[in-house]
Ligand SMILES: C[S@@+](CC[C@H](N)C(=O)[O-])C[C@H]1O[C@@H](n2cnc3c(N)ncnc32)[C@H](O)[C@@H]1O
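Next up: a single chain in structure tokens, the form predicted alone.
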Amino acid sequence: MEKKFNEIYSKGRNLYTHAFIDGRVYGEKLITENGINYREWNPFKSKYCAGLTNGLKENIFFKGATVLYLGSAEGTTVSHVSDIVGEEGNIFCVDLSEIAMQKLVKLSEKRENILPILSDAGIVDNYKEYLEDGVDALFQDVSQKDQTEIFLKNAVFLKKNCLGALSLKTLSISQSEKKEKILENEKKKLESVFEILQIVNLEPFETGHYLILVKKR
């Protein structure tokens, strides 16, 4: 097992997180080496893992971090972020789906660093009271036409010089315009608040998706 980033490891072509809590979350493979438990991270089920697999140079998550995660769904990627930030970290998870939130709440009962918030990520006033001290990392995986604008609204919570990552879904913005043109347009919007550090194409794991690594100015 080779260390790739803090709490993220690789073995062959596969990525793993050091298991914060024992047990599977979504049917992932579990392995034990030298008495340490690891959970395999599937890039076909996680945009962030797809980005790491395709060469993301920096990991926005770290042990003890406070994270704002927009579009948390049922918690597949969130569970691996939970492994990374550990007991001293917190993940504020925002999602609008009541069905997904029910499953996330059950996950949070085992993983106490997961804090579910049922809300529209575009209405930051709904949850700003929980984030008054700011966050160390911002991640978004939201399939909406105004996804970049949502990310920019939530940037107010990200501390200066801290990192964020936007999973950009070009087909949610336009199904007729070329994905490269969409990417360029959305990149310009992000540059009003962020320094763009890297753009990673998520194919073959996701079609028409990019992971955009940014730093808050």
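Throughout, we count residues from 1 along the sequence that is shown. Note that this is a predicted model, so its numbers are computed, not measured.
The same protein also has a form predicted in complex with this ligand, omitted here; what follows describes it.
Of the candidate stretches 56 to 64, 157 to 165, 179 to 187, 42 to 50, only 42 to 50 has residues with heavy atoms within 4.5 Å of this ligand in the model of the complex. Of the residues V135, A73, V124, L115, just one reaches this ligand in the model of the complex with a heavy atom at 4.5 Å or closer; this is A73. The closest heavy atom approach of I173 to this ligand in the model of the complex falls outside 4.5 Å. Taking non-hydrogen atoms only, D141 approaches this ligand to within 4.5 angstroms in the model of the complex. With a 4.5 Å cutoff on heavy atoms, E87 does not count as touching this ligand in the model of the complex; it lies far away. In the model of the complex, at least one heavy atom of S97 sits within 4.5 Å of a heavy atom of this ligand. Although this ligand is omitted here, in the model of the complex all of Y69, T77 and I150 have a heavy atom within 4.5 Å of it.
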